[in-house]
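Next up: just one chain, as C-alpha cells, the form predicted on its own.
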C-alpha cells in the first residue's frame, strides 16, 4: 500500500466535504442506537465470559497438576491456551478500551483491570488506546505500522535491516507479549538516548514493566510448576505454560496483523491530515485504514471481536458483543458511499499481511523491475544499497522507481493498444 494521496486513483476523491460530514452523521446515529439500547443483556454477557474464562483457566491448571500423564498434559495445555486467548482478546483488550465502564462495576473497569500479559495496563492503554486509535495508519505517527521494527508501507523509507523483517516478524509472533511491552516503552527510541538524559516517565514505566514481566514469569514458570512437583509434573507443567503462552502470542499477533497490514488497507501522510480533522474525516480514515476477518461466531469470539476491526475502529468504546450487530449497517454505508469494505477469511488476511512483510523487506520497485535476465545486476544493486551509505541508497532507490514507472507506463500502453 502507499498513502492515499499518492495513489493513481484516490479511493475517496469522489466524495465531497458534504458527503464526508453526512457519512459522519450516519455513523454517529449507528453508535447512538447501540448506546440507547445498551443494558443488562450486555452486562450479563461480559460477566458470563469472565466467569467462564476463570473456570476454564482454573480447571486447566488443576488438570496440569497431573500433567506427567500425557492425556492430562494435552487437555490442560489446550484449555490453558484457550483461557489465555480469551483473557487477552475478548476480556482484557475490550475492558481496557473502556467498553464496559458504563456498568460502573469497579471489578470490570478500564481503570482497575490488569491483564495476563507482559505489558502493563497503563502502558498498553497509552500506546494503543491513545496513540494508535487517534493516529490510525498515519505514517510517522502511528507506530503500529510495523511496530518500529518492520516496513509495511511504501512510504516508510527502506534501510538494510528490513531485509530480515520476515525473521523479525516470526520472532515477534512467538514472543508477541514481550514485543508489545517493549513497544509500549518506546524502547528503541529511549535506549538511543544517553542514560542520564532519559525521561523519568520512561524509567518509571520500565520499572513497572519489568515488575510485570517478573510477576508473569514467576506465576507461569515457577509457582504452577512447583505446585505440580508432588505428582512428578514439574517439567510437563512448565512446558504446558510455555506452550499456552506461545499459542496465545501467535494467535493474537496473527489477528492483530490482519487489522491493518493486509494489502489494500489505506494509509495516510501526516501532511494530508487537516489540522482540525472533522469527525466525518476521522471516521473515513478509520473505515479505510482497517480490515475485517470473515468467519463463524466462534472465530469472532476468539479474536475478541477484533475480526470486526472496522467497526471496532469506528466505535472503540462500544461493547464488543455488539459489533456483529452493527457490521451490516456499517457495510451498507460503505456501499452507499462507494467505498471498499475490506473483509476476507483469516487465512487470506494472514497470507496478505505476511506477503506485504516479505514484499516490503525489499526496496520499492526492486521486485517489479527484476527479471531472470537482469537478476545478477539487480542483486548487485541490492548489495550496494545494503552496504552503502544513505546517498548510495537514495540514488539507487530513485533509479529503481524510475525504472518501475517506465515499466508500468509500458504495460499500460500495451493494454490500451490491445484494447
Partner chain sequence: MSSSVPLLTSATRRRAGSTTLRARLERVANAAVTPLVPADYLDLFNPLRAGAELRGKVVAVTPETADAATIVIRPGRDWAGHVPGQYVRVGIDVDGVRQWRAYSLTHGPRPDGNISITVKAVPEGVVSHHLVHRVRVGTLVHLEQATGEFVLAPEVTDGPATAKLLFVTAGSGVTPVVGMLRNLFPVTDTGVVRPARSAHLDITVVHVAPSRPDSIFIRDLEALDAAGAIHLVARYDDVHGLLDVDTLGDLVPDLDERATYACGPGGLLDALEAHHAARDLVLYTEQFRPATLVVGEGGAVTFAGGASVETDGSTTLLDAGESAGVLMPSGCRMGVCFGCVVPLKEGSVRDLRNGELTTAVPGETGPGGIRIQTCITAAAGPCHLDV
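These numbers come from a predicted model, not from an experiment. Numbering follows the first chain given and starts at 1.
Absent from the display: the form predicted in complex with the partner chain. The rest refers to it.
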{"item": "All of 47, 51 and 97 with a heavy atom within 4.5 Å of the partner chain in the model of the complex", "value": "yes"}
{"item": "Residue 384 within 4.5 Å of the partner chain in the model of the complex, heavy atoms", "value": "no"}
{"item": "4.5 Å heavy atom contact, residue 394 to the partner chain in the model of the complex", "value": "no"}
{"item": "Exercise: residue 224 in contact with the partner chain in the model of the complex, heavy atom 4.5 Å", "value": "yes"}
{"item": "4.5 angstroms heavy atom contact with the partner chain in the model of the complex for residue 106", "value": "yes"}
{"item": "Partner-contacting position among 193, 111, 340, 294 - heavy atom within 4.5 Å of the partner chain in the model of the complex", "value": "111"}
{"item": "Partner-contacting position among 355, 55, 390, 380 - heavy atom within 4.5 Å of the partner chain in the model of the complex", "value": "55"}
{"item": "Contact stretch among 359-367, 64-72, 27-35, 346-354 - heavy atom within 4.5 Å of the partner chain in the model of the complex", "value": "27-35"}
